[in-house]
Ligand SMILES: Cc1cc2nc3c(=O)[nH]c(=O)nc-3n(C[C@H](O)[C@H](O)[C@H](O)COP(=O)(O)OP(=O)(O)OC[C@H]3O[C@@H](n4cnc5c(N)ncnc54)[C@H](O)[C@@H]3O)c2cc1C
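Given as structure tokens, the chain that follows is alone and in the form predicted alone.
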Amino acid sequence: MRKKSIEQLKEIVKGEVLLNEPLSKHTSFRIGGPAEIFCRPVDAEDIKNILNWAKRNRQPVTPIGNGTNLLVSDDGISGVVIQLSNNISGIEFDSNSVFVKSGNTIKDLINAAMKRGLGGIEFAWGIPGAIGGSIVMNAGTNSHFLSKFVKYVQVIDFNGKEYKLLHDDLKFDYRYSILQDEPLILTEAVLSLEKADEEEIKKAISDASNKRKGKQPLEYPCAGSIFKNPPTTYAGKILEEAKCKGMRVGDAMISELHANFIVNLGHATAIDVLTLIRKAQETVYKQKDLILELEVRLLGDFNTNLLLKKK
């Protein structure tokens, strides 16, 4: 990449532009090689300027949020990585509708809504991702999903064009939205919340928090659930029955507390995690004749042929 082009990018972006930024600093797994160009835009104008620069310079673009459901390659990511968390923030209310920027956390939203007697999404308390990434992945629990509350979203395509997608346009499904497959960046969402008593909201938050603390390995870096739940059962239950708890490759280990979590004991690499994922898949397949599908997203260059996949 020519130095002159990089300087031009820095001149047109109000936010940060960093070169060869380690993505291990920006993922909850604390794993990942460098982003060739790492950008932290502060608004939609910044995002459009970055996208236009990337198009002119023929650079691939990878948007990320808080990096909570990602496994990034040890080789990093080429081109431009746009981080939408932290800087892209803001919450406004109109009756029971809330306009929330993609970089706000779910906790930000729940707390702001609670002060106005609005709730319904307390089940998501403790999910560490930003709103944008949480909608893209249709985050939630086994029985409650963020998609239920989404009215529409604002997106920017990789040509810099901004437009609106309604709820039905997003094709929500279990841990899925169409935003996972399209070159689109979610900048803002409008959710419709429910009237609720503040004390009831606080109790629901406490219940959700206690449930996560008792079942999830919060003391080590991880990326949340590794596998999607199969129909009618839970991936964690299947992995536990297959005696996968404690299985280890390098510093990547399947949690002793919850079998659907892989934790980084200190110096795990992406290939450690991917090898462990394959080992767990093979163990389950041999015992249950079932192939567990990934929930965690892989970014960068991976040999995905290592993974078992449904035909």
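All values derive from a computational prediction rather than experimental measurement. Residue numbers run from 1 along the displayed sequence.
The discussion below concerns the form predicted together with this ligand, not included here.
Partner contact region in the model of the complex: 134 to 142, out of 159 to 167, 237 to 245, 194 to 202, 134 to 142, criterion any non-hydrogen atom within 4.5 Å of this ligand.
With a 4.5 Å cutoff on heavy atoms, residue 228 does not count as touching this ligand in the model of the complex; it lies far away. Although the partner is absent here, residue 37 sits far enough away that none of its heavy atoms falls within 4.5 Å of this ligand in the model of the complex. Contact between residue 295 and this ligand in the model of the complex is found at the 4.5 Å heavy atom cutoff. The closest non-hydrogen atom of residue 89 lies beyond 4.5 Å of this ligand in the model of the complex. The partner is absent here, but in the model of the complex a heavy atom of 69, alone among 260, 264, 281, 69, sits within 4.5 Å of this ligand.
Listed residues 223, 100, 150, 114 were compared with this ligand in the model of the complex; 223 is the one with a heavy atom within 4.5 Å. Residues 184, 185, 186 are the ones in 181 to 209 with at least one heavy atom within 4.5 Å of this ligand in the model of the complex, listed in sequence order.
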